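In structure tokens, the next block holds one chain alone, the form predicted alone.
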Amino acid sequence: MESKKKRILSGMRPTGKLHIGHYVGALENWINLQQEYENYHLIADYHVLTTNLNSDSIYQDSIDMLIDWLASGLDPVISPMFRQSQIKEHTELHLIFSMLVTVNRLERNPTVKDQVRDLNIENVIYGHLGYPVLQAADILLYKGDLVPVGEDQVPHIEITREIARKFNNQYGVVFPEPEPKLTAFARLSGLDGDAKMSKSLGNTILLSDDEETIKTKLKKAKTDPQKMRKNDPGRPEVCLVFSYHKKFTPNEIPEIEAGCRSGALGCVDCKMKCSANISSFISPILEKRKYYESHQDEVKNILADGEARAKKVAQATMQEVREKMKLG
């Protein structure tokens, strides 16, 4: 008898077109996992509101992100893709879960502390503090066994596990305790050398950037400050562009490293080589993106189908929850 595939729930906040950091940190992993696991992909549009109350662009940002998902290789036939806001069971389960976790526990979450610092948030809203509780509802509504995340998101998954355990102990077993599945290549730093590639910081290369745009952006990328001229010896370990080469030029790493250290490879040539390889990598994604951009009715149909399939699972889970809680 064939064993049942484990289920994965993964998602992103829709902030529009995606960058190569999104691909390397998450999308690539999702694509590789979709044959081995049963995957559900969440467009976390409610989560956007925790740091930005302006909802005018959320729908279009969701469509732009979905197009990048499809262009990158996510298969809508085997992996439903859906908006959180269209499955009302997310909010219902979030409310129930909010009764199972203390404020002190949420205040100890290091991810929220980091976001408050990075975004200079003076007054933390209730929804932001409760972000991991809604995330727990997102995951457990689909009974996710695994959640692909970067290391910074592991504390959120631990809160999800605690909530699942608390519900199961209080009312009876409904939920698995999901495990984090760490991404192999966690993140790419921004072009300015910042630890995070972020559109708000303007330090990204988008999956939708053409060859000339990538070349222009790479020219400004931060390199080893001690390597001022071509023949100066460089330090690849502190060079941002070298970190990109590790992902996009893996077969030439020894040669690039030796050329940098000896001074034979100048920063301009190094950047142009990196630019060409990133463009080559993005090229098939760009072609597929053009197709979906000109067939947006197809994209909307994919979204509607994903939402219908996700809703069936969500409704079945909530029926179990209500029965265990004697809510009817």
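One rule holds for the numbers: they count along the sequence shown, beginning at 1. Not measured: the values here are computed from a predicted model.
Keep in mind the form predicted together with a small molecule is missing from the figure; the text below concerns it.
Using a 4.5 angstroms threshold between heavy atoms, residue 273 stays clear of the small molecule in the predicted complex. Within 4.5 Å of some heavy atom of the small molecule in the predicted complex lies at least one heavy atom of residue 13. Although the partner is absent here, residue 208 sits far enough away that none of its heavy atoms falls within 4.5 Å of the small molecule in the predicted complex. Proximity of residue 67 to the small molecule in the predicted complex: non-hydrogen atoms within 4.5 Å are absent; the residue sits far from the partner. Picking from 138-146, 73-81, 91-99, 226-234 the stretch near the small molecule in the predicted complex, with a 4.5 Å limit on heavy atoms, gives 138-146. Between the small molecule and the residues 265, 286, 58, 44, the one pair within 4.5 Å by heavy atoms in the predicted complex involves 44. Interface residue among 153, 183, 85, 198 relative to the small molecule in the predicted complex, by the heavy atom within 4.5 Å criterion: 153.
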